[in-house]
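Only one chain is given next, in structure tokens, and it is the form predicted alone.
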Amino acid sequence: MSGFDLMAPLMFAGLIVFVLIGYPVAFSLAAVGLGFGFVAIELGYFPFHLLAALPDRVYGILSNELLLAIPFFTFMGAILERCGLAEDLLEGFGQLFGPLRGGLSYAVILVGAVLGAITGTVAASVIAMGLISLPAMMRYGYNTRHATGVIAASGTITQLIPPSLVLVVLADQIGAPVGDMYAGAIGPSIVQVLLFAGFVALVSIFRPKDVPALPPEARTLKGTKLAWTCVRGMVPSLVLIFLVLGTILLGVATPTEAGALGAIGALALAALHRRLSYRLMRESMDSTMRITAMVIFILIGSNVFSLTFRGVDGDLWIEGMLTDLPGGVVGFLVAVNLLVFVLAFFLDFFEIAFIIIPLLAPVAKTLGIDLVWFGVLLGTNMQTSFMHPPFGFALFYLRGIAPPSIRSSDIYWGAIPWVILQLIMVGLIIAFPELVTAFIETHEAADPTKVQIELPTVDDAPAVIEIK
């Protein structure tokens, strides 16, 4: 291999080294990109004016209106985490399913799905449900590993259920419409919830002591009072879901506009629960600022890296490796999903989305894979980045709010069955692509043989020209 051919593999290896030693990913990307860029210019592999495109690429990031959805959804999730909505939902569903074995687990799964359809952020869901449901599950004798696992996994559903931030980022990186990504994720989201509920049902049959029913004295809500509690939690949720998701799917609003509506709705809900305060606003804005800044810096760093990487034909190197895999499209999908799963042990989903996805999407397009389906598939796989050690953020969030009596090892072991269920979901999407494509509106392509162009009539010239 020539020196030029070695540049792309060396760049990739250099990035891995930086990440493994713990250097911040955003700066690792930029440092590797600039360092190898100057070396490549010095060796004559590409001209200096290639790097002159960097300012335009950075400006393109900062002027991308789609990325405004990230701070809006993050702010909305931070507000809803503290406004009391989760308490209302968990109280109602917990009492509704209380007589069943595993009733609290079913309640946590359903509330996780509802919060996922509102907040779009994993942290808000895991923290809210952990604070409220974990003490109750411990009090009524639930197995510690099962309780922590179901809470973490149900909060992670947020990553797949629209209006997920992951889907926004993936849509931006693969160049697909966000509305199509949201529509495509509806089917997998429903099946994922059913898989989780099915697993709880199996536990209730084979290990009933791990998921006891609520004792009669704990079922304090009945009849009209129970119905009112469920309505009080669900009606605001449905309104917010329509404001955020409904307006996008109906084509009334863009994801950015829907995020703004959701943020206003979250503020209104906090005011309704009498929890809107200066402290809540300050904490929510601080959280939003930190997450947004992290995302933007990673995106800028990934653009610096990708510019040099493409300059040394790194994209062609990746494409050559992945298109020559045995098994064709199936082999490509298996290899890619294994790669993403392994990388999720070391990188979070933002880092995977900004580093890996831009390299994989062109290969998928070359192989004739639908990019929306591909994006939803990877989004499903990337759920696991929140659920397995050592960097599973859902586990970190849960560890931060769990009482000292709950060991970290129990949290980690409790996550394993749910990671397996998430991987089963990946397999189902590959085996049954209709889970994604059935919900996407297809647009019939125009037939070029029937196109007619009408022109003004001039003297005896024909008014219509037919293209055949």
Partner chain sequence: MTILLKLSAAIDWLSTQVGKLAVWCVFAAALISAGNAISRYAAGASSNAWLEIQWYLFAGMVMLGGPATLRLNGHVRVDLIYGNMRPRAQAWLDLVCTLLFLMPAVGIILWLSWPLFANSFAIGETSNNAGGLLRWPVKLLLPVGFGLMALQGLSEIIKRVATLTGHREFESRYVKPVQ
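The model shown is predicted, which means the values in this text are computed figures rather than measured ones. Numbering follows the first chain given and starts at 1.
There is another form of the same protein, the form predicted in complex with the partner chain; it is not shown, and what comes next is about it.
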Inset, instruction - Using the partner position in the predicted complex, report whether residue 9 sits within 4.5 Å of the partner chain, counting heavy atoms only. - result: no
Inset, instruction - State yes or no: in the predicted complex, is some non-hydrogen atom of residue 432 no more than 4.5 angstroms from a non-hydrogen atom of the partner chain? - result: no
Legend entry - Contact of residue 56 with the partner chain in the predicted complex (heavy atom, 4.5 Å): yes
Inset, instruction - Report whether the minimum heavy atom distance between residue 413 and the partner chain in the predicted complex is within 4.5 Å. - result: no
Inset, instruction - Go through 25 to 33, 414 to 422, 400 to 408, 39 to 47 and give me the stretch that gets within 4.5 Å of the partner chain in the predicted complex, heavy atoms only. - result: 25 to 33
Legend entry - The unique member of 267, 200, 134, 340 whose heavy atoms fall within 4.5 Å of the partner chain in the predicted complex: 267
Legend entry - Interface residue in the predicted complex among 122, 395, 382, 115, criterion: non-hydrogen atom within 4.5 angstroms of the partner chain: 122
Inset, instruction - Please state whether every one of the three residues 18, 253 and 350 places a non-hydrogen atom within 4.5 angstroms of the partner chain in the predicted complex. - result: yes
Inset, instruction - Just give me the residues of 276 to 292, first to last, that have a heavy atom within 4.5 Å of the partner chain in the predicted complex. - result: 278, 281, 282, 285, 286, 288, 289, 290, 291, 292
